[in-house]
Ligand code: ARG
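Single chain ahead, written as structure tokens, the form predicted alone.
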């Protein structure tokens, strides 16, 4: 069983990161990522996380798996178990055996969802309090989320995503603590928008900043780490007592990822109440 004494985050260096296929609207093989810049941006993100008290653990990058860098998609951590992702697109399915091996070596129990469920981990499944908010339709299946909730014995609220730019829940929704979250309303259908309003403190993000993946943020205590270029959200977070940290992550935005995508909290998210 893993033992964590401080906030612990899994990352994977971008040694083999690149735009090698197109599975979301952000990816364009004619607009490649610059390796040196991506590496510098990844290093800066890691250094910020360490500076605010996180213990960063590393997964070994693997040639031919450019999106392994997005560790949030490895699975959903719940106590000492990780529910491994079952990726919709074949281009990412090779990541799962690598993730499985890493988590077993780290002391986690690994579980897979029954076939044919599609499920893309903490990209689409986020706790706010004791409720699992679950994005579905574009990458993950609603049925997968119901199976997960039944297996964990928790409440789940499926949220339909309607804008392919925001293909994972963590691109448009980020719990901050058990009663607070940020979100981009335009990414959700009307029912999901109404359902989210049950969260006591719900902070909307404007579209221009949502398109910079402002919601794809990493929360460590009162610290919120996000892509640069989101001044309105930074001001809103500060007004609610949070401490924003902006860092450029544009090379990863080319692949449809940002700060949250590049990280997976191993000890439990600050917003989660298990």
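This one's a predicted model, so the numbers in the text were calculated from it and none came from an experiment. Positions refer to the first chain, counted from 1.
There is also a form predicted together with this ligand; it is not shown, and the following applies to it.
**Student:** Only one of 71 to 79, 152 to 160, 196 to 204, 106 to 114 gets a heavy atom within 4.5 Å of this ligand in the predicted complex; which is it?
**Tutor:** In short, 71 to 79.
**Student:** Note which of 167, 127, 102, 183 lies within 4.5 Å of this ligand in the predicted complex, where distance is taken over heavy atoms; exactly one does.
**Tutor:** Contact residue from the list: 167.
**Student:** Do residue 14 and this ligand share at least one heavy atom pair within 4.5 Å in the predicted complex?
**Tutor:** No, no contact at 4.5 Å.
**Student:** Does residue 146 reach this ligand in the predicted complex, with heavy atoms at most 4.5 Å apart?
**Tutor:** No, no contact at 4.5 Å.
**Student:** Does the 4.5 Å heavy atom contact test between residue 261 and this ligand in the predicted complex come out positive?
**Tutor:** Yes, residue 261 lies within 4.5 Å of this ligand in the predicted complex.
**Student:** Answer for residue 211 alone: is it within 4.5 Å of this ligand in the predicted complex, judged on heavy atom distances?
**Tutor:** Flag for residue 211 set to no.
**Student:** Which residues from 246 to 274 come close to this ligand in the predicted complex, meaning a heavy atom within 4.5 Å?
**Tutor:** Counting only heavy atoms within 4.5 Å of this ligand in the predicted complex, the contacting residues of 246 to 274 are 255, 256, 257, 261.
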